[in-house]
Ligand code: NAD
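One chain is shown next in C-alpha coordinates, namely the form predicted alone.
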(Lines give C-alpha, C1' and ligand atoms only; values in the text may rest on other atoms or scores of the structure.)
Protein backbone atom coordinates (compact mmCIF):
# COMPACT_ATOMS: atom_id res chain seq x y z
CA UNK A 1 0.00 0.00 0.00
CA UNK A 2 1.37 3.45 -0.85
CA UNK A 3 2.49 5.57 2.07
CA UNK A 4 0.56 8.58 3.32
CA UNK A 5 -2.84 7.61 1.95
CA UNK A 6 -5.76 9.62 3.32
CA UNK A 7 -8.45 7.76 5.19
CA UNK A 8 -11.18 9.58 3.28
CA UNK A 9 -11.63 11.75 0.22
CA UNK A 10 -13.68 14.93 0.18
CA UNK A 11 -15.25 16.96 -2.58
CA UNK A 12 -13.48 20.13 -3.70
CA UNK A 13 -15.86 23.05 -4.15
CA UNK A 14 -15.04 26.73 -4.51
CA UNK A 15 -11.47 26.23 -3.37
CA UNK A 16 -12.33 24.20 -0.24
CA UNK A 17 -12.35 20.51 0.63
CA UNK A 18 -15.85 19.64 1.89
CA UNK A 19 -17.86 16.62 2.95
CA UNK A 20 -21.14 15.68 1.33
CA UNK A 21 -24.08 17.76 2.46
CA UNK A 22 -25.70 14.69 4.01
CA UNK A 23 -22.39 13.28 5.28
CA UNK A 24 -22.64 10.10 3.21
CA UNK A 25 -19.62 8.21 1.88
CA UNK A 26 -18.88 5.13 -0.20
CA UNK A 27 -16.17 2.48 0.11
CA UNK A 28 -13.23 2.34 -2.31
CA UNK A 29 -11.60 -1.06 -2.88
CA UNK A 30 -8.01 -2.04 -3.61
CA UNK A 31 -8.25 -4.32 -6.70
CA UNK A 32 -5.53 -6.68 -5.46
CA UNK A 33 -7.11 -7.49 -2.09
CA UNK A 34 -10.66 -6.23 -2.81
CA UNK A 35 -10.62 -4.74 0.67
CA UNK A 36 -11.79 -1.23 1.50
CA UNK A 37 -8.80 1.08 1.89
CA UNK A 38 -10.63 4.40 2.19
CA UNK A 39 -14.02 6.08 1.99
CA UNK A 40 -14.94 8.91 -0.37
CA UNK A 41 -17.64 11.51 0.00
CA UNK A 42 -20.75 10.36 -1.87
CA UNK A 43 -22.04 13.33 -3.84
CA UNK A 44 -25.75 13.86 -4.44
CA UNK A 45 -27.76 16.57 -6.18
CA UNK A 46 -27.15 19.06 -3.36
CA UNK A 47 -23.38 18.64 -3.67
CA UNK A 48 -23.51 19.06 -7.43
CA UNK A 49 -25.61 22.21 -6.89
CA UNK A 50 -22.88 23.65 -4.64
CA UNK A 51 -20.14 22.80 -7.13
CA UNK A 52 -22.03 24.21 -10.11
CA UNK A 53 -22.84 27.40 -8.18
CA UNK A 54 -19.14 27.87 -7.36
CA UNK A 55 -18.12 27.21 -10.96
CA UNK A 56 -20.79 29.55 -12.31
CA UNK A 57 -19.74 32.34 -9.95
CA UNK A 58 -16.10 31.88 -10.99
CA UNK A 59 -17.16 32.08 -14.63
CA UNK A 60 -19.39 35.12 -14.30
CA UNK A 61 -17.41 37.12 -11.72
CA UNK A 62 -13.90 35.69 -11.67
CA UNK A 63 -10.90 36.55 -13.82
CA UNK A 64 -10.36 33.23 -15.61
CA UNK A 65 -12.60 33.66 -18.70
CA UNK A 66 -11.32 37.20 -19.22
CA UNK A 67 -7.62 36.36 -19.17
CA UNK A 68 -5.62 36.52 -22.35
CA UNK A 69 -4.90 33.07 -23.82
CA UNK A 70 -1.22 33.54 -23.00
CA UNK A 71 -2.05 34.13 -19.32
CA UNK A 72 -4.16 30.98 -19.11
CA UNK A 73 -1.44 29.13 -21.00
CA UNK A 74 1.15 29.99 -18.35
CA UNK A 75 -1.05 28.46 -15.63
CA UNK A 76 -1.58 25.28 -17.65
CA UNK A 77 2.16 24.97 -18.31
CA UNK A 78 2.69 25.18 -14.55
CA UNK A 79 0.13 22.38 -14.14
CA UNK A 80 2.12 20.27 -16.61
CA UNK A 81 5.36 21.01 -14.76
CA UNK A 82 3.84 19.93 -11.44
CA UNK A 83 2.37 16.74 -12.90
CA UNK A 84 5.73 15.84 -14.45
CA UNK A 85 7.55 16.47 -11.19
CA UNK A 86 5.16 14.12 -9.36
CA UNK A 87 4.85 11.43 -12.00
CA UNK A 88 6.22 8.65 -9.77
CA UNK A 89 3.73 9.41 -6.99
CA UNK A 90 0.84 9.76 -9.44
CA UNK A 91 1.74 6.42 -11.02
CA UNK A 92 1.99 4.77 -7.61
CA UNK A 93 -1.48 5.93 -6.60
CA UNK A 94 -3.02 5.19 -10.01
CA UNK A 95 -1.54 1.69 -10.07
CA UNK A 96 -2.75 0.95 -6.55
CA UNK A 97 -6.23 2.35 -7.17
CA UNK A 98 -6.90 0.87 -10.63
CA UNK A 99 -4.72 -2.26 -10.81
CA UNK A 100 -2.83 -0.86 -13.79
CA UNK A 101 0.81 -2.04 -14.06
CA UNK A 102 3.11 0.59 -12.59
CA UNK A 103 5.15 1.07 -15.79
CA UNK A 104 1.99 1.77 -17.79
CA UNK A 105 0.62 4.05 -15.06
CA UNK A 106 3.84 6.07 -15.24
CA UNK A 107 3.38 6.52 -18.97
CA UNK A 108 -0.18 7.71 -18.41
CA UNK A 109 0.95 10.27 -15.81
CA UNK A 110 3.44 11.71 -18.29
CA UNK A 111 0.77 11.76 -21.00
CA UNK A 112 -1.44 13.77 -18.64
CA UNK A 113 1.26 16.43 -18.40
CA UNK A 114 1.63 16.42 -22.18
CA UNK A 115 -2.13 16.95 -22.61
CA UNK A 116 -1.95 20.15 -20.55
CA UNK A 117 1.15 21.33 -22.35
CA UNK A 118 -0.43 20.68 -25.74
CA UNK A 119 -3.58 22.71 -25.06
CA UNK A 120 -1.60 25.44 -23.32
CA UNK A 121 0.29 25.89 -26.59
CA UNK A 122 -2.70 25.39 -28.87
CA UNK A 123 -4.87 28.06 -27.28
CA UNK A 124 -2.11 30.61 -27.87
CA UNK A 125 -1.27 29.49 -31.42
CA UNK A 126 -4.83 29.12 -32.71
CA UNK A 127 -6.15 31.53 -35.31
CA UNK A 128 -9.78 32.30 -36.03
CA UNK A 129 -11.30 32.74 -39.45
CA UNK A 130 -11.75 36.06 -41.23
CA UNK A 131 -13.49 36.38 -44.59
CA UNK A 132 -13.20 39.55 -46.64
CA UNK A 133 -15.19 40.92 -49.56
CA UNK A 134 -12.83 43.72 -50.59
CA UNK A 135 -14.35 47.15 -50.15
CA UNK A 136 -17.72 45.77 -49.11
CA UNK A 137 -17.62 43.50 -46.08
CA UNK A 138 -15.44 41.99 -43.37
CA UNK A 139 -16.57 38.84 -41.58
CA UNK A 140 -14.70 37.39 -38.63
CA UNK A 141 -15.18 34.82 -35.86
CA UNK A 142 -14.98 35.39 -32.11
CA UNK A 143 -14.42 32.41 -29.83
CA UNK A 144 -15.93 32.65 -26.39
CA UNK A 145 -15.91 30.18 -23.47
CA UNK A 146 -19.33 28.62 -22.90
CA UNK A 147 -19.60 28.44 -19.12
CA UNK A 148 -19.57 25.52 -16.66
CA UNK A 149 -18.32 22.32 -18.30
CA UNK A 150 -19.45 19.04 -16.74
CA UNK A 151 -16.72 16.42 -17.09
CA UNK A 152 -17.55 12.76 -16.35
CA UNK A 153 -14.58 10.40 -16.58
CA UNK A 154 -14.08 6.61 -16.50
CA UNK A 155 -12.07 4.32 -14.26
CA UNK A 156 -9.55 3.16 -16.87
CA UNK A 157 -6.44 5.39 -16.93
CA UNK A 158 -8.49 7.91 -14.93
CA UNK A 159 -5.88 10.62 -14.29
CA UNK A 160 -4.83 10.80 -17.94
CA UNK A 161 -8.41 10.86 -19.23
CA UNK A 162 -9.29 13.59 -16.73
CA UNK A 163 -6.42 15.68 -18.09
CA UNK A 164 -7.71 15.12 -21.62
CA UNK A 165 -10.91 16.97 -20.73
CA UNK A 166 -9.57 19.42 -18.14
CA UNK A 167 -6.83 20.73 -20.44
CA UNK A 168 -8.98 22.11 -23.28
CA UNK A 169 -11.93 23.05 -21.05
CA UNK A 170 -9.69 25.28 -18.92
CA UNK A 171 -7.50 26.51 -21.76
CA UNK A 172 -10.53 27.99 -23.51
CA UNK A 173 -11.66 29.87 -20.38
CA UNK A 174 -14.44 27.66 -19.03
CA UNK A 175 -14.89 26.62 -15.43
CA UNK A 176 -15.44 22.95 -14.64
CA UNK A 177 -17.11 20.40 -12.40
CA UNK A 178 -15.37 17.02 -12.58
CA UNK A 179 -17.18 13.82 -11.59
CA UNK A 180 -14.58 11.01 -11.60
CA UNK A 181 -15.45 7.32 -11.67
CA UNK A 182 -16.39 5.93 -8.28
CA UNK A 183 -14.13 2.86 -8.67
CA UNK A 184 -10.98 5.03 -8.95
CA UNK A 185 -11.29 8.36 -7.11
CA UNK A 186 -7.80 8.46 -5.61
CA UNK A 187 -5.72 10.16 -8.30
CA UNK A 188 -8.55 12.60 -9.12
CA UNK A 189 -8.29 13.93 -5.59
CA UNK A 190 -4.79 15.22 -6.40
CA UNK A 191 -6.00 17.76 -8.95
CA UNK A 192 -7.09 20.28 -6.32
CA UNK A 193 -3.60 20.66 -4.89
CA UNK A 194 -2.01 20.73 -8.34
CA UNK A 195 -4.30 23.51 -9.54
CA UNK A 196 -3.88 25.53 -6.35
CA UNK A 197 -0.12 25.36 -6.65
CA UNK A 198 -0.27 26.32 -10.34
CA UNK A 199 -2.30 29.45 -9.54
CA UNK A 200 -5.72 28.53 -10.94
CA UNK A 201 -8.28 30.94 -9.44
CA UNK A 202 -10.65 29.58 -6.80
CA UNK A 203 -13.87 28.08 -8.13
CA UNK A 204 -12.57 27.41 -11.64
CA UNK A 205 -12.00 23.72 -10.82
CA UNK A 206 -14.51 21.77 -8.74
CA UNK A 207 -14.67 18.06 -7.97
CA UNK A 208 -17.62 15.97 -6.81
CA UNK A 209 -17.10 12.30 -6.02
CA UNK A 210 -20.03 9.91 -6.15
CA UNK A 211 -21.98 7.29 -8.02
CA UNK A 212 -22.90 7.85 -11.63
CA UNK A 213 -26.61 7.45 -11.03
CA UNK A 214 -26.49 10.10 -8.29
CA UNK A 215 -23.72 12.67 -8.78
CA UNK A 216 -23.26 12.06 -12.50
CA UNK A 217 -26.99 12.15 -13.16
CA UNK A 218 -27.38 15.42 -11.23
CA UNK A 219 -24.55 17.01 -13.23
CA UNK A 220 -26.07 15.98 -16.56
CA UNK A 221 -29.50 17.33 -15.60
CA UNK A 222 -28.27 20.58 -14.06
CA UNK A 223 -29.69 23.60 -15.93
CA UNK A 224 -26.56 25.69 -15.33
CA UNK A 225 -24.20 23.19 -17.00
CA UNK A 226 -24.41 23.88 -20.75
CA UNK A 227 -22.07 21.16 -21.92
CA UNK A 228 -21.13 17.62 -20.88
CA UNK A 229 -18.06 15.65 -21.91
CA UNK A 230 -18.42 11.98 -21.03
CA UNK A 231 -16.23 8.93 -21.50
CA UNK A 232 -17.70 5.56 -20.56
CA UNK A 233 -20.09 2.80 -21.52
CA UNK A 234 -22.45 3.12 -24.47
CA UNK A 235 -25.52 2.33 -22.35
CA UNK A 236 -24.61 5.14 -19.94
CA UNK A 237 -24.11 7.40 -22.93
CA UNK A 238 -27.67 6.68 -24.07
CA UNK A 239 -28.99 7.74 -20.65
CA UNK A 240 -26.92 10.91 -20.71
CA UNK A 241 -28.17 11.73 -24.22
CA UNK A 242 -31.78 11.38 -23.05
CA UNK A 243 -31.28 13.32 -19.80
CA UNK A 244 -29.41 16.16 -21.50
CA UNK A 245 -31.98 16.55 -24.29
CA UNK A 246 -34.51 18.73 -22.39
CA UNK A 247 -31.73 21.27 -21.77
CA UNK A 248 -30.30 21.08 -25.32
CA UNK A 249 -26.79 20.70 -23.88
CA UNK A 250 -23.65 20.37 -25.92
CA UNK A 251 -22.52 16.75 -25.75
CA UNK A 252 -19.25 14.99 -26.48
CA UNK A 253 -19.37 11.29 -25.71
CA UNK A 254 -16.60 8.74 -26.22
CA UNK A 255 -18.24 5.40 -25.60
CA UNK A 256 -17.51 1.70 -26.02
CA UNK A 257 -15.63 -0.18 -28.68
CA UNK A 258 -15.11 -3.61 -30.19
CA UNK A 259 -12.31 -2.67 -32.52
CA UNK A 260 -11.09 -5.01 -35.26
CA UNK A 261 -7.47 -5.67 -36.14
CA UNK A 262 -7.41 -6.96 -39.72
CA UNK A 263 -4.30 -8.96 -40.66
CA UNK A 264 -3.85 -9.72 -44.37
CA UNK A 265 -1.63 -12.51 -45.67
CA UNK A 266 0.98 -10.06 -46.97
CA UNK A 267 1.43 -8.34 -43.59
CA UNK A 268 4.61 -8.27 -41.56
CA UNK A 269 3.48 -11.09 -39.31
CA UNK A 270 5.93 -10.49 -36.46
CA UNK A 271 5.02 -6.80 -36.26
CA UNK A 272 1.29 -7.58 -36.44
CA UNK A 273 1.55 -10.09 -33.60
CA UNK A 274 3.55 -7.65 -31.47
CA UNK A 275 1.01 -4.90 -32.02
CA UNK A 276 -2.11 -7.01 -31.55
CA UNK A 277 -0.76 -8.58 -28.36
CA UNK A 278 -0.08 -5.12 -26.95
CA UNK A 279 -3.31 -3.73 -28.38
CA UNK A 280 -5.57 -5.98 -26.33
CA UNK A 281 -3.50 -6.87 -23.24
CA UNK A 282 -1.98 -3.47 -22.38
CA UNK A 283 -3.86 -1.48 -19.73
CA UNK A 284 -5.23 -4.86 -18.58
CA UNK A 285 -7.43 -4.92 -21.67
CA UNK A 286 -9.47 -2.14 -20.06
CA UNK A 287 -9.19 0.26 -22.98
CA UNK A 288 -11.87 1.50 -25.36
CA UNK A 289 -9.63 1.21 -28.43
CA UNK A 290 -8.48 -2.36 -27.69
CA UNK A 291 -8.20 -4.46 -30.86
CA UNK A 292 -10.24 -7.22 -29.27
CA UNK A 293 -11.37 -8.82 -32.54
CA UNK A 294 -8.51 -10.04 -34.71
CA UNK A 295 -9.50 -10.93 -38.27
CA UNK A 296 -6.82 -12.99 -40.04
CA UNK A 297 -6.64 -14.03 -43.70
CA UNK A 298 -7.00 -17.79 -44.17
CA UNK A 299 -3.54 -18.36 -45.72
CA UNK A 300 -1.77 -17.34 -42.52
CA UNK A 301 -4.55 -18.06 -40.02
CA UNK A 302 -3.18 -21.26 -38.43
CA UNK A 303 0.32 -19.86 -38.07
CA UNK A 304 -1.00 -16.61 -36.62
CA UNK A 305 -3.19 -18.37 -34.04
CA UNK A 306 -0.36 -20.66 -32.96
CA UNK A 307 2.16 -17.85 -32.57
CA UNK A 308 -0.35 -15.48 -30.98
CA UNK A 309 -1.48 -18.03 -28.39
CA UNK A 310 2.13 -18.84 -27.48
CA UNK A 311 2.90 -15.15 -26.95
CA UNK A 312 -0.26 -14.59 -24.93
CA UNK A 313 0.74 -17.38 -22.57
CA UNK A 314 4.06 -15.61 -21.93
CA UNK A 315 2.49 -12.26 -21.05
CA UNK A 316 3.48 -11.57 -17.44
CA UNK A 317 0.55 -11.32 -15.01
CA UNK A 318 1.53 -9.95 -11.64
CA UNK A 319 1.04 -7.41 -8.85
CA UNK A 320 0.47 -3.94 -10.30
CA UNK A 321 3.41 -2.40 -8.43
CA UNK A 322 5.98 -4.83 -9.90
CA UNK A 323 7.94 -3.27 -12.79
CA UNK A 324 7.97 -6.58 -14.69
CA UNK A 325 4.17 -6.88 -14.66
CA UNK A 326 2.46 -6.58 -18.05
CA UNK A 327 -1.12 -7.37 -16.96
CA UNK A 328 -2.19 -6.39 -13.44
CA UNK A 329 -5.48 -6.75 -11.59
CA UNK A 330 -8.81 -5.71 -13.04
CA UNK A 331 -10.27 -2.63 -11.43
CA UNK A 332 -13.12 -4.02 -9.32
CA UNK A 333 -14.72 -7.36 -8.37
CA UNK A 334 -17.91 -6.44 -10.25
CA UNK A 335 -15.95 -5.93 -13.44
CA UNK A 336 -13.85 -9.04 -12.80
CA UNK A 337 -17.04 -11.12 -12.49
CA UNK A 338 -18.33 -9.69 -15.80
CA UNK A 339 -15.10 -10.57 -17.64
CA UNK A 340 -15.09 -14.07 -16.18
CA UNK A 341 -18.69 -14.60 -17.35
CA UNK A 342 -17.63 -13.73 -20.88
CA UNK A 343 -14.72 -16.17 -20.67
CA UNK A 344 -17.10 -18.98 -19.64
CA UNK A 345 -19.41 -17.99 -22.49
CA UNK A 346 -16.46 -17.98 -24.88
CA UNK A 347 -15.75 -21.65 -24.14
CA UNK A 348 -19.05 -22.42 -25.85
CA UNK A 349 -18.52 -19.99 -28.75
CA UNK A 350 -14.90 -20.47 -29.79
CA UNK A 351 -11.79 -22.61 -29.34
CA UNK A 352 -9.81 -21.65 -26.23
CA UNK A 353 -6.12 -21.52 -27.13
CA UNK A 354 -4.68 -19.49 -24.21
CA UNK A 355 -5.69 -18.45 -20.71
CA UNK A 356 -9.26 -19.06 -19.74
CA UNK A 357 -9.59 -17.84 -16.18
CA UNK A 358 -7.60 -17.04 -13.07
CA UNK A 359 -3.84 -17.44 -13.56
CA UNK A 360 -1.88 -19.85 -11.39
CA UNK A 361 -0.37 -18.41 -8.25
CA UNK A 362 -3.04 -15.73 -7.75
CA UNK A 363 -5.77 -17.24 -5.56
CA UNK A 364 -7.18 -13.82 -4.69
CA UNK A 365 -7.53 -10.44 -6.38
CA UNK A 366 -9.03 -9.52 -9.74
CA UNK A 367 -6.47 -11.36 -11.86
CA UNK A 368 -7.36 -12.75 -15.28
CA UNK A 369 -4.94 -14.70 -17.47
CA UNK A 370 -4.62 -13.26 -21.00
CA UNK A 371 -7.28 -15.24 -22.83
CA UNK A 372 -7.47 -16.08 -26.53
CA UNK A 373 -10.36 -17.69 -28.39
CA UNK A 374 -9.90 -18.82 -32.00
CA UNK A 375 -12.46 -19.79 -34.68
CA UNK A 376 -15.00 -17.35 -33.26
CA UNK A 377 -18.09 -16.88 -35.49
CA UNK A 378 -19.40 -13.41 -36.26
CA UNK A 379 -22.63 -13.94 -34.34
CA UNK A 380 -20.87 -14.96 -31.11
CA UNK A 381 -21.40 -12.66 -28.17
CA UNK A 382 -17.64 -12.53 -27.50
CA UNK A 383 -17.30 -11.23 -31.08
CA UNK A 384 -20.14 -8.70 -30.82
CA UNK A 385 -20.02 -7.36 -27.25
CA UNK A 386 -17.43 -5.26 -25.44
CA UNK A 387 -15.71 -7.32 -22.74
CA UNK A 388 -13.21 -4.66 -21.60
CA UNK A 389 -10.66 -7.12 -20.29
CA UNK A 390 -7.67 -9.21 -21.47
CA UNK A 391 -9.79 -11.35 -23.80
CA UNK A 392 -9.47 -11.57 -27.60
CA UNK A 393 -11.46 -13.32 -30.34
CA UNK A 394 -9.69 -14.46 -33.55
CA UNK A 395 -11.71 -15.09 -36.70
CA UNK A 396 -10.57 -16.16 -40.21
CA UNK A 397 -11.56 -14.52 -43.50
CA UNK A 398 -10.86 -15.23 -47.17
CA UNK A 399 -11.48 -12.05 -49.15
CA UNK A 400 -11.23 -8.30 -48.63
CA UNK A 401 -15.01 -8.08 -48.94
CA UNK A 402 -15.51 -10.67 -46.20
CA UNK A 403 -12.97 -8.94 -43.95
CA UNK A 404 -14.79 -5.63 -44.37
CA UNK A 405 -18.17 -7.20 -43.55
CA UNK A 406 -16.72 -8.78 -40.40
CA UNK A 407 -14.98 -5.58 -39.35
CA UNK A 408 -18.10 -3.43 -39.79
CA UNK A 409 -20.55 -6.05 -38.52
CA UNK A 410 -20.87 -4.87 -34.92
CA UNK A 411 -22.73 -2.01 -33.24
CA UNK A 412 -19.49 -0.19 -32.36
CA UNK A 413 -17.28 1.96 -34.57
CA UNK A 414 -14.44 3.45 -32.56
CA UNK A 415 -11.11 2.23 -33.95
CA UNK A 416 -9.61 -0.28 -36.37
CA UNK A 417 -6.15 -1.57 -37.19
CA UNK A 418 -5.11 -2.85 -40.61
CA UNK A 419 -1.99 -4.84 -41.37
CA UNK A 420 -0.95 -5.18 -45.03
CA UNK A 421 1.98 -4.22 -47.23
CA UNK A 422 -0.34 -3.37 -50.14
CA UNK A 423 -0.56 0.43 -50.07
CA UNK A 424 -3.62 0.66 -52.30
CA UNK A 425 -5.50 -1.95 -50.27
CA UNK A 426 -4.56 -0.25 -47.00
CA UNK A 427 -6.03 3.12 -47.96
CA UNK A 428 -9.07 1.71 -49.78
CA UNK A 429 -9.91 -0.60 -46.88
CA UNK A 430 -9.41 2.16 -44.32
CA UNK A 431 -11.88 4.44 -46.10
CA UNK A 432 -14.49 1.67 -46.17
CA UNK A 433 -14.25 0.97 -42.43
CA UNK A 434 -17.16 2.37 -40.44
CA UNK A 435 -15.02 3.66 -37.57
CA UNK A 436 -13.74 6.98 -36.27
CA UNK A 437 -10.03 6.12 -36.28
CA UNK A 438 -7.83 3.75 -38.29
CA UNK A 439 -4.22 2.74 -37.75
CA UNK A 440 -2.40 1.26 -40.75
CA UNK A 441 0.53 -1.02 -39.91
CA UNK A 442 0.68 0.70 -36.56
CA UNK A 443 -0.18 0.30 -32.95
CA UNK A 444 -2.42 2.87 -31.24
CA UNK A 445 -0.06 5.86 -31.42
CA UNK A 446 -2.04 9.08 -31.67
CA UNK A 447 -0.98 12.58 -32.60
CA UNK A 448 -2.70 14.97 -30.17
CA UNK A 449 -3.67 17.26 -33.06
CA UNK A 450 -5.98 14.63 -34.60
CA UNK A 451 -9.68 14.11 -33.81
CA UNK A 452 -10.58 11.34 -31.37
CA UNK A 453 -14.04 9.80 -31.50
CA UNK A 454 -16.22 7.08 -32.94
CA UNK A 455 -19.39 6.40 -34.87
CA UNK A 456 -22.46 4.24 -34.24
CA UNK A 457 -22.59 3.12 -30.60
CA UNK A 458 -19.03 4.30 -29.99
CA UNK A 459 -19.76 7.95 -29.54
CA UNK A 460 -21.05 11.34 -30.47
CA UNK A 461 -18.75 14.11 -31.62
CA UNK A 462 -14.97 14.37 -31.51
CA UNK A 463 -12.38 15.86 -29.19
CA UNK A 464 -8.66 16.29 -29.69
CA UNK A 465 -6.74 19.16 -31.24
CA UNK A 466 -8.91 21.92 -32.69
CA UNK A 467 -12.03 19.76 -32.25
CA UNK A 468 -11.65 20.22 -28.50
CA UNK A 469 -11.33 23.97 -28.97
CA UNK A 470 -14.52 23.89 -31.05
CA UNK A 471 -16.42 21.88 -28.45
CA UNK A 472 -15.51 24.07 -25.48
CA UNK A 473 -16.19 27.42 -27.19
CA UNK A 474 -19.00 29.35 -28.83
CA UNK A 475 -18.04 30.54 -32.29
CA UNK A 476 -19.65 33.92 -32.88
CA UNK A 477 -19.65 35.33 -36.40
CA UNK A 478 -19.37 39.12 -36.71
CA UNK A 479 -20.24 40.82 -40.01
CA UNK A 480 -19.08 44.39 -40.72
CA UNK A 481 -20.19 46.43 -43.72
CA UNK A 482 -17.45 48.54 -45.26
CA UNK A 483 -18.51 51.68 -47.08
CA UNK A 484 -22.10 52.43 -47.94
CA UNK A 485 -24.67 49.86 -46.85
CA UNK A 486 -26.67 48.27 -49.64
CA UNK A 487 -30.01 47.22 -48.17
CA UNK A 488 -33.24 46.10 -49.80
CA UNK A 489 -35.74 48.95 -49.34
CA UNK A 490 -39.15 48.01 -47.99
CA UNK A 491 -42.02 50.37 -47.20
CA UNK A 492 -41.19 53.29 -49.51
CA UNK A 493 -44.14 52.69 -51.82
CA UNK A 494 -43.88 53.54 -55.52
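Numbering follows the first chain given and starts at 1. This one's a predicted model, so the numbers in the text were calculated from it and none came from an experiment.
Keep in mind that the form predicted together with the named molecule is missing from the display, and what follows is about it.
**Student:** Quick one: which of 90 to 98, 116 to 124, 205 to 213, 310 to 318 gets within 4.5 Å of the named molecule in the model of the complex, going by heavy atoms?
**Tutor:** Single hit among the candidates: 205 to 213.
**Student:** In the model of the complex, does each residue in the set 217, 233 and 452 place a non-hydrogen atom within 4.5 angstroms of the named molecule?
**Tutor:** Contact check passed for all of 217, 233 and 452.
**Student:** Answer with one of 195, 155, 301, 336: the residue that has a non-hydrogen atom within 4.5 Å of the named molecule in the model of the complex.
**Tutor:** None of the others qualify; the residue that does is 155.
**Student:** Counting non-hydrogen atoms within 4.5 angstroms of the named molecule in the model of the complex, say which of 389, 355, 167, 257 makes the cut.
**Tutor:** If I apply the 4.5 Å criterion carefully, the residue I get is 257.
**Student:** Using the partner position in the model of the complex, report whether residue 414 sits within 4.5 Å of the named molecule, counting heavy atoms only.
**Tutor:** Result yes; residue 414 sits at the interface with the named molecule in the model of the complex.
**Student:** In the model of the complex, does residue 239 have a heavy atom within 4.5 Å of the named molecule?
**Tutor:** Within the cut-off, so yes.
**Student:** Taking the shortest heavy atom distance, is residue 102 within 4.5 Å of the named molecule in the model of the complex?
**Tutor:** Judged by the heavy-atom cut-off of 4.5 Å, residue 102 is well away from the named molecule in the model of the complex.
**Student:** So in the model of the complex, does residue 181 come within 4.5 Å of the named molecule, heavy atom to heavy atom?
**Tutor:** Judged by the heavy-atom cut-off of 4.5 Å, residue 181 is in contact with the named molecule in the model of the complex.
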